[in-house]
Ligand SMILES: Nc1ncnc2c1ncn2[C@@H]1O[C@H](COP(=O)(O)OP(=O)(O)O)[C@@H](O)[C@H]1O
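Take a look at this one chain, the form predicted alone, written out in structure tokens.
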């Protein structure tokens, strides 16, 4: 890294769009950046476009699924949109690694854990097989696995789900990536293991000084890890703010609705709070504000605000809502974290 790129964001994304083969847009002109060492969380319900947004950074959306277009996707100032698949290979798994919601589906069941990590290291680093094996064992230790000799020689089906998730984290981090994408990394785990994995990601991020893109629908997870938060709904980023402001001064009705769904020790309810309705399917987005059919703050004019520019309260906090100026600064009075 030279002095010129040192002061640039690690990742800069401008006007990212993903269009399905059906012609429907699922990620609609999304722009954001991730700084070095930062944890940026992309939050929203299933179907909002979060995972496709992340896969686009790797140019890993399958052609039979859809097509990516963007004004720019830059990694350390290097434009990725113009790179061929061959030139993207060092980026995928090298500069940017990804861990997935289902750890058992992220590893090859026909090869041992150790062999998969070794081959990944040798694909991205010029090291001998012996050195790659040493790096692989070190990565397993960093991922919190104690029986490294056994796990190194085990097949994925011989591990618990929690061990398998730690092994996929070791696999992702063995190449010392600049950015780790974690796509719902705790959803398939029980509560105790969830906490362990979150603590592990926090520790590894600090130790390795890497950036983290955390994809989740769980704001409780966001509260533990994120520096900044992007709230995504129906292909749009509807709110962007530092994590603290999301929890204390959320400006978009969707963000506030998500916060209301969090459990609370102060407010007891017979049933959990939910947001009425569901995320509209691509091709079925309403005219105007896409959250309009589910919004409790609707007023005349919202049906004309489909392309509303984000309303800025300060340099670090924006929301795509015509009422954001009214909602900004009012502390959220819902259930909290």
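Numbering follows the first chain given and starts at 1. Remember, it's a predicted structure, so these values are computed and weren't measured experimentally.
Beyond what is shown, the protein has a form predicted together with the ligand; the following relates to that form.
Residue contact with the ligand in the model of the complex: residue 310 places no heavy atom within 4.5 Å of it. Mapping the unseen interface onto this chain, residue 295 falls outside it, with no heavy atom inside 4.5 Å of the ligand in the model of the complex. Although the partner is absent here, residue 37 sits far enough away that none of its heavy atoms falls within 4.5 Å of the ligand in the model of the complex.
In the model of the complex, the ligand lies within 4.5 Å of some heavy atom of residue 282.
46 is the sole member of 287, 46, 274, 278 with a non-hydrogen atom lying within 4.5 angstroms of the ligand in the model of the complex. Annotation for 221-259: no interface residues with the ligand in the model of the complex [heavy atom within 4.5 Å].
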